[in-house]
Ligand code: PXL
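We begin with a single chain expressed as structure tokens, specifically the form predicted alone.
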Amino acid sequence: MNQRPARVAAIHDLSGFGRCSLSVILPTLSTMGVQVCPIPTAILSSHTGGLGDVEFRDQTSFIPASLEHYKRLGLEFECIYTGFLGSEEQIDHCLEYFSAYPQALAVVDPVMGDHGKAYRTYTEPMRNRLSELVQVADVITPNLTEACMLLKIPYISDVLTRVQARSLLAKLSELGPNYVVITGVQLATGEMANIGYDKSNNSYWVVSCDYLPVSYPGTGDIFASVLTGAFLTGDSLPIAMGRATYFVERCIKTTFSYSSDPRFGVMLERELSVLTNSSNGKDFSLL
């Protein structure tokens, strides 16, 4: 009997240039053997990080229309995965998707800001409404800025002790999700790391990252995509975190070695084959 791949409804923006959002989510999950059904929230000629005036087309009306079509077809999804959203109305439509597929793994990447600041498109009402998605999520993957926004606390600019890190993870899990991963935190031990919490097992995890003095767009999308693919293929939280950290780190190191313009994103194409081996991952430990 033929068994189809796991199927993901990916509700994200599509940027034509710059390697982020759906342009990296599609190849990443496909390489991991997961079928991606892209549901663009907006179409952009490039990402908005320093590439000049961007052509932008809103796709809000497409989101509910696609859902109705899929319901008529009787399609099943093993995962609903949301990312960048452009309006409160789009948040409503994401909630409709989650409601229509209550058995699907609900992954919310709460794309709201970075480096202590909100993205200019994210208004205060939108940041408040995003908590509604977090409430129904199984998995969330905020960076530290977004974690603080979700908890409505000031941005933490200092390094985190392990006690502080565990506290942040636990408080985020109280908002709803069973799995919480905060990416790119600097611990008091001096290490950069991704940290996670599995509420059902009350276990805290840390995966250390090698640091390079550069920042690329789309790495959060890639991390969340590998994490999602790993969950869908049966991995535990720490193994999934290790696979995602390893792949993003490989992409960053490869791109940095070529002195590529950071605005162009990571050279994903050179590293995709790494994802075909599920044993590729970084070591993890208890936090």
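Residue indices: 1-based, along the sequence shown. A quick note: this is a predicted structure, and the numbers were derived from the prediction, not measured.
Just so you know, the form predicted in complex with the named molecule exists too; it's not on screen, but the next bit is about it.
*Asks:* Specify the contacting stretch among 241-249, 258-266, 214-222, 62-70, defined as having any heavy atom within 4.5 Å of the named molecule in the predicted complex.
*Replies:* Of the options, only 214-222 has residues within 4.5 Å of the partner.
*Asks:* Just one of 147, 111, 137, 193 has a heavy atom within 4.5 Å of the named molecule in the predicted complex. Which one?
*Replies:* Exactly one listed residue reaches within 4.5 Å, namely 111.
*Asks:* Can you tell me whether residue 119 touches the named molecule? I mean in the predicted complex, with a 4.5 angstroms heavy atom cut-off.
*Replies:* Looking in the predicted complex, residue contacts with the named molecule include residue 119, since a heavy atom lies within 4.5 Å.
*Asks:* Would residue 205 count as touching the named molecule in the predicted complex under a 4.5 Å heavy atom rule?
*Replies:* No, residue 205 is distant from the partner.
*Asks:* Residue 26 near the named molecule in the predicted complex, any heavy atom under 4.5 Å?
*Replies:* No, residue 26 sits far enough from the named molecule in the predicted complex that none of its heavy atoms falls within 4.5 Å.
*Asks:* Might residue 31 be said to contact the named molecule in the predicted complex, defining contact as any heavy atom within 4.5 Å?
*Replies:* Because no heavy atom of residue 31 falls inside 4.5 Å of the named molecule in the predicted complex, the answer is no.
*Asks:* Within 6-34, which residues have a heavy atom closer than or equal to 4.5 Å from the named molecule in the predicted complex?
*Replies:* Residues within 4.5 Å: 13, 15, 20, 21.
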